[in-house]
Structures are given as structure tokens and as C-alpha cells.
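Take a look at this single chain, the form predicted on its own, given in C-alpha cells.
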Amino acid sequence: MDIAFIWATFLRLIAALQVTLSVWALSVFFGAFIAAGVTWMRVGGIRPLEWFARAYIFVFRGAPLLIQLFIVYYGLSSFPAVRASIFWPFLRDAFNCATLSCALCTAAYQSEIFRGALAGVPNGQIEAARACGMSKSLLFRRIIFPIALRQALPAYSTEVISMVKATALVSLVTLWDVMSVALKIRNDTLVTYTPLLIAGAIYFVVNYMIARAFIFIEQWLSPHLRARSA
């Protein structure tokens, strides 16, 4: 076992972790905003917007993320109108395309998580709040949102963790993330397993920390869970 090689590989992969985490964080952040809008379209009661939201979710959940990534990065650049538009300075950058693709994809999954959480709020609590004279904004802020948030956390944490693993695909659009650097080390040194095992360990640690953070948030929002764990 070559300790020096393992250590050097680890340092190179840790240096590339910044790109992986940047794509992940931005895609989850902007995806949440897109998902909030799509969820509002689904439950808002406006039929054309509901149809658009359904189509959006069907397309982005049905097509593999890799195909979406290739379409945004390689496909859009093949159109002269896109290259001549004001969006080209943004779309010609691989980091921006990767973030946009991941954000659009995770937004479809997040919107379904949000919609399911909203649908799971007990009608009895909503009716009780209305009987107390709560306005719609106060009802959403005091009753619907806190309950839906607690219900959405388990599924939402799974989607967030899945996006960490999905960022490995951005290595195919010239981004030097953890996976891309691991593959380059493997090809340059012909050491097949060590770079991939170290990369897998890094992904595992990152996902473990995210999972623990969500467990802490879930227990903080649910006092009965704190009492049970105590």
C-alpha cells in the first residue's frame, strides 16, 4: 500500500470537492425556489398553470439527468440563436450549465415532495384554524407550513443527498469535480481502484454529514422525537 500515493490522491480530491459542493449547493438552493413556484402552480387552482407544472414534472422526472445535462451544455450551444442571445455568456460556461441542469432536475422532485407534504396537513387542523378566524396568510404561516415542513424533511433530505451523488455526472461536461479528478488520476497512474475508493469515501462522509444535519433539524422541529430519543 503506497501511503504517499493515497495521501496525494486524497489532497487532490479534497481540492476538487469545492466544485462538487458548489454545484450541489447552488442547484439545491435555486431548485427549491423553482420547486416552490411549480408547487404553487400545482395547487393554485389555475388550470393552465397546473398543466404546465404537470408537464414540467413529467419531463424532468422522466428524463435522465445525464441527458438533460448534455442538452443544456452541448445541445443549446448548437443553435445560432442561442449563441447570439443575451443568455450565451451564461450558457457557454460549464459550471453554469451544470448548475442549471441539476437545479431544473431536482426542482421537479422537490416540488412533488412539497406538494405531498402540503396534502398531508390534516384538514381538521386547517378547519380549526379557520374557525378561530385566521387569515389565509396567518393560516399558512402558523399551521400549514410548519406541519408540511416536518412532513417533507425525510423525503427532502433523501433528495438533497441524491443530488450530492448526482453531481458526479458534471465530470462529463469538463468540470473538475471530485469524480473527474479521480478518473484523471486513475487514467494517468493506471491505479484502478484507489482513486475511486477515496472519492467514494469523500462522498460518503459528505452525505453522512448532511444526513446528520437533517436529523438534527427534524428533532429540533419535532419535540416528541427529542423526548423519544432521550
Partner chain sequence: MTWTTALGFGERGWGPALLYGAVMTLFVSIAGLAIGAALGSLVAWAKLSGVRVAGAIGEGYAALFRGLPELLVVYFVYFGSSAALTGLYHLLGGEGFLGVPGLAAGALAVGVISGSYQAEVFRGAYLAIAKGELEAARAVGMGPWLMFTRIIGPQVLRFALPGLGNLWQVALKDSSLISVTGLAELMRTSQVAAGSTHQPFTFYVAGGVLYLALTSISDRVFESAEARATRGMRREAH
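Note that the coordinates shown come from a computational prediction; the quantities given were computed from them, not determined experimentally. Positions refer to the first chain, counted from 1.
The same protein also has a form predicted together with the partner chain, omitted here; what follows describes it.
Mapping the unseen interface onto this chain, Ser171 counts among the residues with a heavy atom inside 4.5 Å of the partner chain in the model of the complex. Heavy atoms of Arg54 never reach within 4.5 Å of the partner chain in the model of the complex, leaving it off the interface. Contact annotation: Pro48 falls outside 4.5 Å of the partner chain in the model of the complex, judged by heavy atom distances. Using a 4.5 Å cutoff between non-hydrogen atoms, Gln219 does not count as a contact of the partner chain in the model of the complex. With the partner removed from view, the residue among Ala63, Leu26, Val43, Ala36 that has a non-hydrogen atom within 4.5 Å of the partner chain in the model of the complex turns out to be Ala63. Not one of Ser85, Trp88 and Phe145 places a heavy atom within 4.5 Å of the partner chain in the model of the complex. Annotated contact segment (heavy atom within 4.5 Å of the partner chain in the model of the complex): 72-80, selected among 121-129, 136-144, 72-80, 95-103. Annotation for 83-117: the only interface residue with the partner chain in the model of the complex is Tyr109 [heavy atom within 4.5 Å].
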